[in-house]
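Next comes just one chain, in structure tokens: the form predicted alone.
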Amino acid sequence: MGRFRHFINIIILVILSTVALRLLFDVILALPMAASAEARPIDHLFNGHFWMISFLFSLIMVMMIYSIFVFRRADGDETDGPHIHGNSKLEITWTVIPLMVVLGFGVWGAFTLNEITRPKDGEMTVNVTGRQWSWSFKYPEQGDAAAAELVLPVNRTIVLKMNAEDVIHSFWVPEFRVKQDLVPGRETTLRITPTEIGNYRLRCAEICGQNHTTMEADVKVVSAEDFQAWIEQKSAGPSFADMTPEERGAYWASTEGFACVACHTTDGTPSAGPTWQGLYMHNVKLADGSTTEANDEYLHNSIIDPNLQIVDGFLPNVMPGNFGDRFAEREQEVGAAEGIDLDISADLIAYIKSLQ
């Protein structure tokens, strides 16, 4: 009867400890709100893990602490304890049961992964590009509308087709739960079905360089009607023929253009590249110890061949060296659409001149 009483006490204490730990996890490991259909099965999986962790920790600690206090040796008792050489049944039990639990969680996880990655009816495609250190988005089914923010209609499955221009990045919106790497030279996909209208924040979850922590973008989940209105507004696009060179330069510098602002600030604060504020016609100290004037020629060369003259205190091979080709492609595209001749490098220089 005494042994049975100890078992009852341990069972009660394990249950109480498990429940208390699980409630504590809700506080110290609180998840953000679930804002996608994919979040629900993932949260169920998290919940199962939290209960199992709470139970196993309680089982071990309760039995250990209970034994220390209840079965401690009495004062003056110098006799040896009983010699135990093993218990095959117990060893088989504590090997087989954890194995079955681990396999069970593996099967559960496989079913969950299959559910959140399988194609759904009525999917909409969004092309995602990650680069050091900004995001850009295109909507091929909506006339290739482009944006620096991700706007999604609620309750519709979105297929994100993602590419990285330079290094590995990782798409992560905590409220959506799902996460996927962007790998240079290989397109990866991620499915999201937003369920809650609101504003969220996209973060890069893969350390990708000096400004990794600033690689963020706004995510907006809106109604179907608001999404259509946003697409119509975006599809109209800017009329480059009606813009001044400075205005065009500001657009090319933005994340909707060539994302220059991901590395170059316009307010004097330090970043991965030199600030543009007050740069034009000022002396610039270079890494080789020489000094040069930041005139039109210097700025043009720094854009097209960024490793030619490295500014002192900054690293080479950070800025991509293919802007000349990218500019030419964009100039041809806009020229065909609006019948104008563009010089994107000159527009950027005009914008830099305005930042005195």
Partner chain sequence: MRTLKILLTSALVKGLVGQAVGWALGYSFVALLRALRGLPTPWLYEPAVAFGAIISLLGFLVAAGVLADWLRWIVGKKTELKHGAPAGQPGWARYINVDTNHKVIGVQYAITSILLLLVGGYFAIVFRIELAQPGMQWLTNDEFNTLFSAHGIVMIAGILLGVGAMVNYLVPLMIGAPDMAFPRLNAFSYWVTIPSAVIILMGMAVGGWDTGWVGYATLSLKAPLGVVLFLLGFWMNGFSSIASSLNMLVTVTTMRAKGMTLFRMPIVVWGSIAASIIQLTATQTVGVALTLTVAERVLGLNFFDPVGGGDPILYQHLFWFYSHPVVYVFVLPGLGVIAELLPVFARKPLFGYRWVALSSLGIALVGFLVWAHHMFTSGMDDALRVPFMFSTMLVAVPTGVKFFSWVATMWEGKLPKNPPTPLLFVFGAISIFLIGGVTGPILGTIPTDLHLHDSYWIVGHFHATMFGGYIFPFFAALYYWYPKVTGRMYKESLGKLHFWLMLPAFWVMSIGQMSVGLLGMRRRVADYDPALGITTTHILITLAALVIGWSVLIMIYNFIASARTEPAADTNPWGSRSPEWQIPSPIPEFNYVTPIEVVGEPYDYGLAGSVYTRTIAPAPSGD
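In this text the structure is predicted, and so the values were computed from the model without any measurement. Positions refer to the first chain, counted from 1.
The discussion below concerns the form predicted together with its partner chain, not included here.
Work out which of L308, A328, A287, L31 lies within 4.5 Å of its partner chain in the predicted complex, going by heavy atoms.
Selected residue: L31.
Residue (of P119, G106, G143, G278) lying close to its partner chain in the predicted complex, criterion heavy atoms within 4.5 Å
For this set of options, the contacting one is G106.
Where, among 147 to 155, 79 to 87, 279 to 287, 249 to 257, do residues come within 4.5 Å of its partner chain in the predicted complex by heavy atom distance?
Heavy-atom contact with the partner occurs in 79 to 87.
Within a 4.5 Å heavy atom cut-off, is T95 in contact with its partner chain in the predicted complex?
T95: contacts its partner chain in the predicted complex.
is_contact(A224, its partner chain) in the predicted complex, heavy atom dist at most 4.5 Å
Taking the distances in the predicted complex, the answer for A224 is no, it never comes within 4.5 Å of its partner chain.
Within a 4.5 Å heavy atom cut-off, is V128 in contact with its partner chain in the predicted complex?
The answer is no: V128 has no heavy atom within 4.5 Å of its partner chain.
Flag D75 as yes or no: does it have a non-hydrogen atom within 4.5 angstroms of any non-hydrogen atom of its partner chain in the predicted complex?
Within the cut-off, so yes.
Honest question, do V261, I303 and I340 all end up within 4.5 Å of its partner chain in the predicted complex by heavy atom distance?
No: no residue has a heavy atom within 4.5 Å of the partner.
Partner contacts in the predicted complex for 164 to 195 (non-hydrogen atom within 4.5 angstroms of its partner chain)
D166, V167, I168, W172, P174, R177, V178, K179, Q180, D181, V183, P184, G185, R186, T188, in sequence order.
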